[in-house]
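In structure tokens, the next block holds one chain alone, the form predicted on its own.
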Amino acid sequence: MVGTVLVTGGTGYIGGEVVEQLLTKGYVVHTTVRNAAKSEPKLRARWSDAGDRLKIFEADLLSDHGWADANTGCDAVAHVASPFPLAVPKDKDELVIPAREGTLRALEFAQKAGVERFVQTSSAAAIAYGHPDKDHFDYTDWTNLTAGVPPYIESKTVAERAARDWVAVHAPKMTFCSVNPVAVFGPVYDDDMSTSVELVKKIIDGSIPLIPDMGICVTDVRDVAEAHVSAIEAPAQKVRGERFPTSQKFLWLREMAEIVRTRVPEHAGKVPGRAMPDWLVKILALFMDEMKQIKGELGNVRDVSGKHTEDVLGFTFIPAEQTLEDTVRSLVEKGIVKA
């Protein structure tokens, strides 16, 4: 299949890589941005040879404007756009409402335009939370919202549930599936990067002097994008209703730091080697939003399996060690971290 695909949120870290892979394979790509005057020059510079194969539309998650035009002529939609702030909002609805309404708006306009396939970028946040006695998860698991979870976790879970419910009722013939990434790392195009890559930046630039007792699953942005493209191209019966976690390996932050020291020693001079005591994390959490999020993850294992994704979509994830090395080298190459 080589046709026309709408990628929402084309200026984002994942969205940009999805656009990259689709254009490389010969697709015509429509993409939505919130501010065309600001974003179009950047996108045109990145894909200067795309010409008419890249069409840019101004559309916002909370407004109908632009969505009909963006969907016109499309065979598939990769709905990547969703709010993901560094700080925890005071009101969870600042995240939950845009995530849910934006997803439903994207679905409604896709259906009206006759789009046959819709791939939602969900998250492992919709899989691995609210289960305090469990540490291994797969594509069949769902976050338990009744246990009380942070706003971002809730927003991704609510948005995916709402999308699946909507498709079941309003578009049962549409081929719908979700891609559920864990923490996303890998090469960066510029300094507009994921929150996860920001963590690596802080590890290597000295912003984090001590390592908290926290771990995360690692996935590569190139694999996340490949999962989207593969889900668009695979036979409908193979992907309809599926969930595709992208996760290569669970690593403690101390293990990530050691990988950087071992594989990129020339850029590891500021990588911390000592542990941050839990009591210090808890004190810092009183006045630092980022530490509030880390506090809730101290000592936790949330190991999400990506095996189902590899099996169904037929590709093998890039090793986490390579992903982290490529992340560091990219940050230095782009001048985001000084060599």
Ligand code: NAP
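Bear in mind the structure is a predicted one, so any value in this text is a computation, not a measurement. Numbers for residues come from their place in the sequence shown, where the first is 1.
Just so it is clear, the following notes concern the form predicted together with the named molecule, a form of the same protein that is not shown.
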Note to self: Since only the chain is shown here, I'm wondering whether V28 would be in contact with the named molecule in the model of the complex (any heavy atom pair within 4.5 Å).
What the structure shows: no
Item checked: 4.5 Å heavy atom contact, L22 to the named molecule in the model of the complex -> no
Note to self: in the model of the complex, is there a heavy atom of the named molecule that lies within 4.5 Å of any heavy atom of A183, even though the partner is absent here?
What the structure shows: yes
Notebook entry, point to check: Taking the shortest heavy atom distance, is S194 within 4.5 Å of the named molecule in the model of the complex?
Noted result: yes
Margin query: I need the one stretch from 282-290, 52-60, 308-316, 267-275 whose residues put non-hydrogen atoms within 4.5 angstroms of the named molecule in the model of the complex.
Written below: 52-60
Note to self: To verify the annotation, which of these, A106, V80, A231, A225, has a non-hydrogen atom within 4.5 Å of the named molecule in the model of the complex?
What the structure shows: V80
Check: in the model of the complex, which of the listed residues (F244, F250, Y152, F176) lies with a heavy atom within 4.5 Å of the named molecule?
Finding: Y152
Note to self: With the partner left out here, which residues of 28-43 have a non-hydrogen atom within 4.5 Å of the named molecule in the model of the complex?
What the structure shows: R34
